Ligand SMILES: Cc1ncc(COP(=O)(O)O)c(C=O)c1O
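Take a look at this one chain, the form predicted on its own, written out in structure tokens.
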Amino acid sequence: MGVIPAARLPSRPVREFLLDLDERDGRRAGLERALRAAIRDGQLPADTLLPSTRTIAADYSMARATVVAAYEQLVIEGYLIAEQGVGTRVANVQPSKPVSPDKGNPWHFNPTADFRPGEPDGGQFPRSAWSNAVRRVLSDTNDGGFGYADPRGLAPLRSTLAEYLGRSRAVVASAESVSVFGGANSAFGFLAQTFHKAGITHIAVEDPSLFFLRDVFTLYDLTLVPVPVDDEGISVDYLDSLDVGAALVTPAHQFPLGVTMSAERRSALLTWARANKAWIIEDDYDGEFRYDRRPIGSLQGLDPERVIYAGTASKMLSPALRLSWLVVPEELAGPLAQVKQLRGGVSTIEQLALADFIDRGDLDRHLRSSRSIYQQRRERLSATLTEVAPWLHVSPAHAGLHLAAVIAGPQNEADVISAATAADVGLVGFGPMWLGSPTSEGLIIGYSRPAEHQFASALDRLTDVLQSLA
């Protein structure tokens, strides 16, 4: 038999924890809640010997059975230990400590002025039109529509997406080639698993590129090979020297550098894929947003048999919807469906709502409005940077939801990010996006997150930070 530790005295008398019992759910529940809180907070340390049930019952005019039941419940939950001949004492429960935001990491805090890339303005979400779509779906869908659905995605949404992508992004698609997922990371995770099963071990990625997506592929033991990016896009000459089975690219608006892949580079990339029987993954994360001309057509439209097209509702509507899609060549459709079969479900209601939303023209209307707002923000941000920070060279691309600004001057990326964080301004640098050796420093300045009524004040805060570094 182990040695019974000596009973400790609590830091405060147990009675103090019970003075203001919250008895809305009954006296027993209130007693349990008060003791749990005291134990979690460390006010009743481990091995503290609690008063007997008779004592608590007498002191607080409770039925002894109420106290006994509360003690027994906390013993079952592991908060207390009852020992014959010794009494009831506090178990060794580590008090929970709140996790403080890591303000050294730009993704781990909520800045007042938020210029981090990756999200649209939540205030622009078309709540009324979306709620109307959901209401129609709930009213019109028969009972059979609320069961388990096709893991590839609902046929109405896949047909609608095929038509929409064809007219808006020049994607060659049919309902059979479209598969729906619960967000972009989910889509790329299933794709990575499909590659892994097919024996593909190495994938080329643009360098720099979004590290979140890279991490998804590495979860499936795929090796990522960085490939340089220049003003025309990914370097196909460098790609030619590699032994890889696929290449992940962002041709419409490279993340984070902002360049648009040239026609010559697109042609060279497709020639490489055909010659090597390799796959191209086209991440069209914000291709709908082009401000100087119509959105540039997809790479997939030039070769639907070698290009896997990836799109998402996260940028054009909201990441809260958790909806994305892949358009896959016929050769990959079967293998992808197999790996998705058991755990690829997406909300039926959200899928039907999106199909309704697109079919009624609500998405087109929303995008027209959003483009106008974001174009004005982009122009205002670009003009401000030119005026107050001549040491930043801004990408000329009139597209997307962020500006890429290369640092060319005495300032360095770490100091700029640090100054912004100290001023409660959210900024992200090129640093985390490099897979290989960095060749430049810069800022990825998103202009879509702030609410419309807060954009001017947020820009003023960013201006103050940049001017303080001059």
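Remember, it's a predicted structure, so these values are computed and weren't measured experimentally. Numbers follow the displayed sequence, beginning with 1.
If you look for the form predicted together with this ligand, you will not find it shown, but the lines that follow are about it.
Residues with any non-hydrogen atom within 4.5 angstroms of this ligand in the predicted complex fall in just one of 361-369, 144-152, 171-179, 208-216: 208-216.
This ligand in the predicted complex comes within 4.5 Å of a heavy atom belonging to K315. Mapping the unseen interface onto this chain, Y79 falls outside it, with no heavy atom inside 4.5 Å of this ligand in the predicted complex. A residue is said to contact a partner when one of its heavy atoms sits within 4.5 Å of a partner heavy atom; R322 meets this definition for this ligand in the predicted complex.
Within 4.5 Å of some heavy atom of this ligand in the predicted complex lies at least one heavy atom of N185. For the options G118, P304, P295, P111, the residue carrying a heavy atom within 4.5 angstroms of this ligand in the predicted complex is G118. The contact residue chosen from F255, F195, Y374, W130 relative to this ligand in the predicted complex is F255, the criterion being a non-hydrogen atom within 4.5 angstroms. Residues of 261-285 placing a heavy atom within 4.5 Å of this ligand in the predicted complex, in sequence order: D283, Y285.
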